[in-house]
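Have a look below at one chain only, the form predicted on its own, in structure tokens format.
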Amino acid sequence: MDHDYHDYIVVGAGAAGCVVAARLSERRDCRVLLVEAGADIVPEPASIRSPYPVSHAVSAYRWPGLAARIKAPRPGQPAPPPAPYLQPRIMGGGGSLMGMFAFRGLPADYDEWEGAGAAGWGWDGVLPAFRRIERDLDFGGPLHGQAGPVPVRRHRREQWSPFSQAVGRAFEEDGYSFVADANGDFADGHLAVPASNLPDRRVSSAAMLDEAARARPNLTILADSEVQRLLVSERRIVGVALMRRGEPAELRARRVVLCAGAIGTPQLLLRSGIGPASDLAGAGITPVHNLEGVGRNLANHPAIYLSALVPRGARQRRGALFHNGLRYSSRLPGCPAHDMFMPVINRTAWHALGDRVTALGACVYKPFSRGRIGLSRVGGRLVADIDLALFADGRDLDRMIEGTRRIFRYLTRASELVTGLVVFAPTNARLTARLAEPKAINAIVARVAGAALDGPAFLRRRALRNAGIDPAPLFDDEAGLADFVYRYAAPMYHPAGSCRLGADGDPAAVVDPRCRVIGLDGLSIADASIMPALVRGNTNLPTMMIGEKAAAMLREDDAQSGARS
């Protein structure tokens, strides 16, 4: 065997890829190559290690120049222009940037997958994989793992900030009971939100690649290396072509496992001639394998927030992004139960301004809208053509509008419980994004702005005018509220479903229930792209679960076939 041949090449060291590579390489006679386009920084820098998601705003950890059409056009209106779209490009993937919410979704989500043809992916089929990756620090029993690499914990109510306490009281006054274990009790309620971190640090899927794993002689990690396409021989994938620091290379393997995410994986397939034949021909790509589902069924969770300026005595300085939230049912016609979530955000940024400003959001956790991913030619080169199509289904916008009314109602009640709390609607996203990157100049600017908010009333009013608007008038203007929600709602960076799992014979399916790409040998997918539908929860833990379950199936398949594993 030459040094360029491996049993497995895993493309993408994100939430699933780190898990897949770690589990496959536990068998010492199985050579595994993990390829990551971003950096592999060891030890992790403070921005990633922080238990507050500082890294989310570090531009060096993202794919540069990525843009998407975010929202479907409203009737009679032009389509909004493309906007920047954040996708991770770093060891650990989204797990190194995201907010560390440790939801799994609901059992009904996975039973829905199985009902749609994903045999073995119902709740009973995925729970063992969740348990293997989790180490729940608060709850035991058959629903929780105790020995996995990822800690799951909650903050005790006495640890909550005054803002979280006040909003939580508003939830309970509205009739919602407190739910201590949101991953074991799946009813609507006021949740102690689980987090995948420790008090002093983030724990992402990169934890699977600890010092012991990295010391394995059969595991190679190749960072700063972008896979450009798959190598195809007849109906078999035999390796990858990549660029590493400006130098091309071809590497071969018995099987390639794509873990590049719901945005990256379909792009790689399309660049390799695998996808809808008409789309490929339109982009000037010779079709290799016609697979209609590639790039279709793209889903995301939309969210909107209102903010509150918190008075000095009620602030949380340092510490967690969140403590609690609300799971509820919109009860709008045609919408399922438990379809909405309201996160309570204690601090909106790492700096002094973030200490002063909190937020309450409304998120559609069971959206109906679907978008697509394709490729187009711009100046002779292929670029991603991403259309998230948020609000393509009007039921999603209707729920967001109703959710925004709830936010205002709960924040109004919180302002009665916390004297001096000032509610506003943030409208200056550009300023917020600019200040979010952890730089010394941003710390200075935020400190000055924070001092203005703490200063005389006229300075505070001026600072708030720069940040947003008074939302109260919106709630007496149906059309104005709908316009506001459509304009300021944003995706939660939970793309999924673009290479969905399904049964053989399903024309929309890309992979079979064992994560093998339908109609090709030597190629599997294990990431959020295979989700038939979004789960009612943040996607980091479910994506890690997919990696865990896929790796187990790959090892089983190898054992049955007699392949070296």
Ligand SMILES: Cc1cc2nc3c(=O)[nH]c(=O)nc-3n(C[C@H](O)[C@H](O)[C@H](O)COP(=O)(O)OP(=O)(O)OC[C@H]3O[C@@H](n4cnc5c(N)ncnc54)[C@H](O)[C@@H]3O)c2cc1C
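When you see a residue number, it is the position in the sequence shown, counting from 1. Note that the structure is predicted; figures quoted are calculated from it, not measured.
The same protein also exists as the form predicted in complex with the ligand; that form is not shown, yet it is the one meant from here on.
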**OP:** Evaluate Tyr493 for contact with the ligand in the predicted complex, applying a 4.5 angstroms cut-off between non-hydrogen atoms, and reply yes or no.
**Re:** yes
Original post:
Taking heavy atoms and a 4.5 Å cut-off, does Leu390 contact the ligand in the predicted complex?
Top reply: no
Original post:
Is there a non-hydrogen atom of Asn183 within 4.5 angstroms of a non-hydrogen atom of the ligand in the predicted complex?
Top reply: no
**OP:** Flag Thr539 as yes or no: does it have a non-hydrogen atom within 4.5 angstroms of any non-hydrogen atom of the ligand in the predicted complex?
**Re:** yes
Subject >> One residue of Glu226, Glu437, Asp398, Asp454 in contact with the ligand, assessed in the predicted complex (non-hydrogen atom, 4.5 angstroms) >> reply: Glu226
Original post:
Which pick from Ile373, Val167, Leu191, Ala260 sits with a heavy atom within 4.5 Å of the ligand in the predicted complex?
Top reply: Ala260
Original post:
Just one stretch in 352-360, 140-148, 440-448, 80-88 has heavy atoms within 4.5 Å of the ligand in the predicted complex, so which one is it?
Top reply: 80-88
Original post:
Can you tell me which residues in 18-36 come within 4.5 angstroms of the ligand in the predicted complex, by heavy atoms?
Top reply: Val35, Glu36
